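Below you'll find only one chain, the form predicted alone, shown as structure tokens.
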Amino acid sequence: MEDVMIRTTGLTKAYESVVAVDHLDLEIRRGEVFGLLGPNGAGKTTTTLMLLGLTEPTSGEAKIDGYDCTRNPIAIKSIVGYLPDQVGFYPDLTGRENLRFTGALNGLPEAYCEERAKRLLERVGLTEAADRKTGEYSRGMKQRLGIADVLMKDPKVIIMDEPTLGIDPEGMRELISLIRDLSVEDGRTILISSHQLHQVQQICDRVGIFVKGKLIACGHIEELGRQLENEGRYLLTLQADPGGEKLKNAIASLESVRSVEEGAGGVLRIDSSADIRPQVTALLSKYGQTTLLLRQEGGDLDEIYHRFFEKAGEPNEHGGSQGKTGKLRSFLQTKFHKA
């Protein structure tokens, strides 16, 4: 069995003079949770449309479990589940009734459908709310019911759009745990399109950073941090007591230091071409300073994301809008509600 579940090769989509996705080469492994990061307009939605077989690429190809997404849309629909950022259910039906309806759409036998709905409601922690109308559900409850809904047809791959958006901290922890379980326990492949960097860092095995249709970085978060360091991009945050201009000037005079900026509370942000922590520690000792904070940036996804943006010559932004149009959400969910 091939280890790669999703593979794109030279995948390109152009709309007249606008290239939405530009020669995307991507491999997502079987059972992996992969985060696709980027601002609004980066090409994430267009990539999702091509993976779901809902729009044809201008050139290149996309395959899921060996099936060509363009030539085999029925096969793709049978093995892929899609969870939009705002899940839609019939508000006057209960959670259980909504799942029964999805099961019926997918041609599941009534007895099997009933048993599967019961097991999935239990799995997503909604047994007590199973017979309440979904119009009364919180956003977090709807997201969990959305996962149960997607699982009714037992897909190998689940594509999620901003799954943690607008959910309270406790609901977020539950959802993150559930998504990890889908990967680790079930062996399902999860593709998450998001700009919620902190949540992505907690849940994803690898991430890809998308800018203007191009994948500018891809790998484990730790690997991306090391890559920046190997390219001579170090950022050190320092807070010392009593601090002062003498210490600041001494650090600025170090050979590999590019700049030293002072922020609130005397916190220094030091940009350098090498790891200068040993030299800084020596200076702190020399000037009788007490270290309050000494942190080498790079392991945090937020920092990695912004620095790759800077490297690509883009504004230092955090990731675009919080969702697509309601029309697109409805279109995608309707198309993938039935296998």
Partner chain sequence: MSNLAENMTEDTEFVFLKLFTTGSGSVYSFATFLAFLGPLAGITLGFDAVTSERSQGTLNRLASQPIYRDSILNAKFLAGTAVIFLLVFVLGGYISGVGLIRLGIPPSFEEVLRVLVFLLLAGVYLSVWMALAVILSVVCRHAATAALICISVWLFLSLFMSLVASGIANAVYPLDGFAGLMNVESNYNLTLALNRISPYYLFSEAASTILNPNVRSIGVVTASQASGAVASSLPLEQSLLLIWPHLVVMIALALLGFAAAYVVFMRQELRA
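Numbering follows the first chain given and starts at 1. It should be emphasised that the depicted structure is a prediction, and the values quoted were computed from it without experimental measurement.
The form predicted together with its partner chain is left out here; the points below concern that form.
Remark: of stretches 163-171, 97-105, 207-215, 243-251, the one touching its partner chain in the predicted bound form is 97-105 (heavy atom within 4.5 Å). Interface residue among Arg144, His195, Lys153, Arg188 relative to its partner chain in the predicted bound form, by the heavy atom within 4.5 Å criterion: Lys153.
A single residue from the set Lys77, Lys133, Arg123, Arg180 has any heavy atom within 4.5 angstroms of its partner chain in the predicted bound form; that residue is Lys77. Residue contact check for Thr46: one or more of its heavy atoms lie within 4.5 Å of its partner chain in the predicted bound form.
Its partner chain in the predicted bound form comes within 4.5 Å of no heavy atom belonging to Pro109. In the predicted bound form, its partner chain lies farther than 4.5 Å from every heavy atom of Gln289. At least one heavy atom of Leu54 is located within 4.5 Å of its partner chain in the predicted bound form.
Looking at its partner chain in the predicted bound form, residues Lys13, Gly88 and Asp149 each place a heavy atom within 4.5 Å of it.
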